[in-house]
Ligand code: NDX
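Below sits a lone chain in structure tokens, taken as the form predicted alone.
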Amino acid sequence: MQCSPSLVGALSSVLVVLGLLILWLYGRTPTRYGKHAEAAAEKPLPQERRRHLPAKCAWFLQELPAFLVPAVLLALRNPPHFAPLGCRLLGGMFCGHYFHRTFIYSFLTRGRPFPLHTVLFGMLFCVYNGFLQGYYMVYCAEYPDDWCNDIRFTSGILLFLFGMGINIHSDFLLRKLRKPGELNYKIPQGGLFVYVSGANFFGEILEWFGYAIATWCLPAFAFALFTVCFVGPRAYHHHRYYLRKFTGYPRSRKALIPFIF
């Protein structure tokens, strides 16, 4: 397979447009799953259950393509398979994140059932983005021999690891709020939740901007922008939900960015 810069540019542009469209569509109205699902407090009817998947299954199926597609592209690459720096960055950072989301997070989550259409859209996006990031890093990315000493590489790696740490720790704190089988929502406590309602989202944004800086490529920056457009409104609507539901919710907390927003 040969690198096609025009294909990379087109797919990256579509990703940016998709992110801006999602921001426009869901900036005021939240997506209808999780705490924002219609009639969430009521017991679903039998026909409604058939249109939902358990959270563990939904997260696994949704996130799997984002790990599997780049891994297949790496495996199909002509030798040497893992020698170029772009391949190592893709495997260690992008695939590392989605390995955790697919094979660890999905089996630990205690969330509500997911609508089937949401899972399908998530799977399609992960196939698309997994191909874009994998195709570029495996077949197009070229870095100078001293890239590992570049400030963009080192700062990007550190930001990625910092964001991933926040994301994983915040998910752990959210799981602690619920006992097994429990589905009601409670006020998140501890960690970065002291400052923002969407600490897990903030960590994910830092991750992908770290990845974009370390790789310094258009597809990664397009994905980082998409992440802001997708999880930013989610954090905002979570924040509003908590303020409405809990009279004792800390008013000093922001939605997504500590002390700012």
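No experiment lies behind these values; they were computed from the predicted model shown. One rule holds for the numbers: they count along the sequence shown, beginning at 1.
What comes next is about the form predicted together with the named molecule, which is not displayed.
Heavy atoms within 4.5 Å of the named molecule in the predicted bound form are found in exactly one of 67-75, 150-158, 82-90, 122-130, that being 122-130. Mapping the unseen interface onto this chain, Tyr105 counts among the residues with a heavy atom inside 4.5 Å of the named molecule in the predicted bound form. Under a 4.5 angstroms non-hydrogen atom cutoff, the named molecule in the predicted bound form lacks Gly96 among its neighbouring residues.
Taking non-hydrogen atoms only, Val138 never approaches the named molecule to within 4.5 angstroms in the predicted bound form.
A residue is said to contact a partner when one of its heavy atoms sits within 4.5 Å of a partner heavy atom; Arg234 meets this definition for the named molecule in the predicted bound form.
For the three residues Val16, Tyr143 and Thr215, a heavy atom within 4.5 Å of the named molecule turns up in the predicted bound form in no case.
Contacts between stretch 181-200 and the named molecule, counted in the predicted bound form as any heavy atom lying within 4.5 Å, involve Asn184, Tyr185, Lys186, Pro188, Asn200, listed in sequence order.
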